[in-house]
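Okay, so here's just one chain, in structure tokens, the form predicted alone.
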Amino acid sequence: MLELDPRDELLCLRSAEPLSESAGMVLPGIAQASIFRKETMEELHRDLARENVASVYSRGTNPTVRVLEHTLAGLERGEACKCFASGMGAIGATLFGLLKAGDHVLFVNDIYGPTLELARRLEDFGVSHDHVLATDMEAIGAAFRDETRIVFMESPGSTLLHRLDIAAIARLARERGALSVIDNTVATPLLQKPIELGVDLVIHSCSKYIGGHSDAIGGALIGSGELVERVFYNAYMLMGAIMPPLEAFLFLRGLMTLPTRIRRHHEDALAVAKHLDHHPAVARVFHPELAEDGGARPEGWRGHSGLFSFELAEGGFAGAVAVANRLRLFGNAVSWGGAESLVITGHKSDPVRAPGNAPRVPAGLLRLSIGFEGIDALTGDLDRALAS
């Protein structure tokens, strides 16, 4: 049985109470308002000077969104949180809000594709970057520059699911005068707490496990009050990627069942991964608990969620597409974290290989997001698709 922190389970369930108690509601109300009236002009002027915590105009903050921010900050053991319209909204505001021309970003591990696309766009504004796929500290340390200001990592990565020594990277970043930032979406706040490991800022795509129902898009940034406030005034307020109150309500609703859902994702995905690990049509399974190191758990790691990948023994990209098309219980779709199982290939087209150089992600890779259809039903569907 996956063991979670009882404090987190209570916080997920009781997160709505600060907003709902006065009206006697079990669930939080939706503060569907763009502006908030003040009793006096002096009060309005005061709150305009602190829009990061006071409701003036919902582009700044909103009562429903603020409850979600309070809850996510508590789950991640951070001082403050700011919610965004999407995970990319949070990533974009963090990079734009903390970097300037001449700065350098070091990306570590298997990074979400659009994040790297944004990094390439930042080059037009004088911000350079490097990307290190190796997970060993020697390679990561060698990639630092004097101008490195942010180390941005994912652990586990969202395609090959490799894990990092988060605490060691955070220490190294601090020693080199850089901030450490992690996209913690795959692990969720329940399975891994990077701030307790020394990381400065944590980012989530709430659209995945936090929401859990594939019906809302949002993002979150958690960290110290000082850093979150810097991002708020330097980028969030200016770029306008705000989370609407309805989405905040949906994420608060999702948090109420997150501990129950994450246990099921953990158990079912591990069972399916072990099944595929012994399948003759499968060359390799990429799941953190089945890693080459025997699944040894790094510091702060409680378990894995429902996302993993596997490589076909033969057939390459065309074979992966064919297997995906034969699956009946797995929907062909991007993203993950809902109740439904999903599949996507590791490439959009057959990767071009240089002579003697295989693609980083195997051509025959399939990534699965395991939902709640049941272990027997899902393994049976996979067996049928792999045998055809």
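Here the structure is a predicted model, which is why all the values come from computation and not from measurement. The numbering used is simple: start at 1 and walk along the sequence shown.
Separately, the form predicted together with a small molecule exists; it is not shown, and the next lines address it.
Peer 1: At 4.5 Å between heavy atoms, only one of the stretches 183 to 191, 261 to 269, 127 to 135, 239 to 247 reaches the small molecule in the predicted complex; which one is it?
Peer 2: Contact-bearing stretch, as computed: 183 to 191.
Peer 1: Looking at 254, 87, 78, 288, which is the one with a non-hydrogen atom within 4.5 Å of the small molecule in the predicted complex?
Peer 2: Only one listed residue qualifies here, and that residue is 87.
Peer 1: Between the options 96, 112, 317, 232, which residue brings a heavy atom to within 4.5 Å of the small molecule in the predicted complex?
Peer 2: Exactly one listed residue reaches within 4.5 Å, namely 112.
Peer 1: Examine residue 336 and determine whether its closest non-hydrogen atom to the small molecule in the predicted complex is within 4.5 angstroms.
Peer 2: Yes, residue 336 sits close enough to the small molecule in the predicted complex that at least one of its heavy atoms falls within 4.5 Å.
Peer 1: Indicate whether residue 227 is a 4.5 Å heavy atom neighbour of the small molecule in the predicted complex.
Peer 2: No - in the predicted complex, heavy atoms of residue 227 and the small molecule never come within 4.5 Å of each other.
Peer 1: Within 4.5 Å, heavy atoms only: does residue 92 come near the small molecule in the predicted complex?
Peer 2: No, residue 92 sits far enough from the small molecule in the predicted complex that none of its heavy atoms falls within 4.5 Å.
Peer 1: Hey, in the predicted complex, is residue 82 touching the small molecule, heavy atoms inside 4.5 Å?
Peer 2: Output for residue 82 is no: heavy atoms all beyond 4.5 Å of the small molecule.
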